[in-house]
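Heads up, the chain below is alone and in the form predicted on its own; it's given as structure tokens.
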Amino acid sequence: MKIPWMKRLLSLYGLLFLVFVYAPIMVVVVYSFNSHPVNMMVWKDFTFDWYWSIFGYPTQLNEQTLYVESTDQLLAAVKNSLIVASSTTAFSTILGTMTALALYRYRFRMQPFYQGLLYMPMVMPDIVLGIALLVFFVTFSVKLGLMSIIVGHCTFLISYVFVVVSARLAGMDDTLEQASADLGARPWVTFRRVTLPQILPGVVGGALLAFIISMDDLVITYFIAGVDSTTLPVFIYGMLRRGVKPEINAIATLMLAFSFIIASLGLYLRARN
């Protein structure tokens, strides 16, 4: 008699947990279609005008509001975010995969200590890492811009890729590599034809994770971004400091949809492999 009661309690707990996590997100999505030009929490009519507004298309709501941000600045922030995320994903995926392979194949002194250092950027508070990177760049007279953001993101995203690829390497069959070597294949051929196909789901998963985190990062980027290198999260934060505007809901909904597409692509590639 206790088992059905505990199952219903666990189901209720799971439902409440999902509501707690996703209810705020759904509020943002719903009110992104609210036509009230001043108070977004007061529902007026259903409209797509805020989505058209952030891309610079003229709407009736544009004439009623005086706080619509510059579309050129918004598109420049989106462009900067895509450049940073793409570059960071490429560098962190390559370096993280190489590090995971090296630690998997070779044993040396202080290896546990080295692995602990790789985990540190993941558990370190973002504000501490952001201040440390800012001090480092200022000390060595590095100009703050897109390059400093890319370097800063790589310092902690390499760790994420390393963890994902290492988990994939832990379940890899080593006998296939040994068979390839016994048959006379060169190390590069063995890696390209045997090792890489086995760890590819982990590499792709780590790359997609790095891309999403880089696109959404605010704290670290806020410290190391230059004047002309504003990313989308920093741009949204600047809008929030001047008040909660209806366009913010539309921008946040588009970012949510973009992240959902990236995550779905990762799940599809994983299922296909």
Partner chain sequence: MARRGDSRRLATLLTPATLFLGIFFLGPLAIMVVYSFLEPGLYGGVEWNFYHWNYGRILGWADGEWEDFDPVYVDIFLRSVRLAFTTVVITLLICYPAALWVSGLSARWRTFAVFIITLPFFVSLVVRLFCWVLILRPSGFLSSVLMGMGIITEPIDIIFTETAVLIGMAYVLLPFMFLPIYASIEKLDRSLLQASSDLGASPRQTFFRVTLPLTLPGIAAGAVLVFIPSLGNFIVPDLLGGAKVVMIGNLVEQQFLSARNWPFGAALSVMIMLVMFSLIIVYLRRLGRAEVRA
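Please read all numbers here as calculations on a predicted model, not as lab measurements. Each form is matched to the other, and the largest set of C-alpha atoms that superpose within 1.5 Å is called the rigid core. Numbering follows the first chain given and starts at 1.
If you look for the form predicted together with its partner chain, you will not find it shown, but the lines that follow are about it.
Across the options 100-108, 164-172, 194-202, 76-84, residues that bring heavy atoms within 4.5 Å of its partner chain in the predicted bound form belong to 100-108. The contact residue chosen from A132, A90, A179, V189 relative to its partner chain in the predicted bound form is A132, the criterion being a non-hydrogen atom within 4.5 angstroms. Although the partner is absent from this view, L146 stays clear of its partner chain in the predicted bound form, with no non-hydrogen atom inside 4.5 angstroms.
When contacts are judged by a 4.5 Å heavy atom cut-off, Y222 counts as touching its partner chain in the predicted bound form. For I54, no non-hydrogen atom is located within 4.5 Å of its partner chain in the predicted bound form, even though that partner is not displayed. Interface residue remark: F33 is not counted as part of the site for its partner chain in the predicted bound form, having no heavy atom within 4.5 Å. Contact residues in stretch 97-129 (any heavy atom within 4.5 Å of its partner chain, taken in the predicted bound form) are M98, T99, L101, A102, L103, Y106, F108, Y114, L117, L118, M120, P121, V123, M124, P125, I127, V128, L129. If you fit the rigid core between the shown form and the other one, you'll see the Cα of L10 move by 2 angstroms or more.
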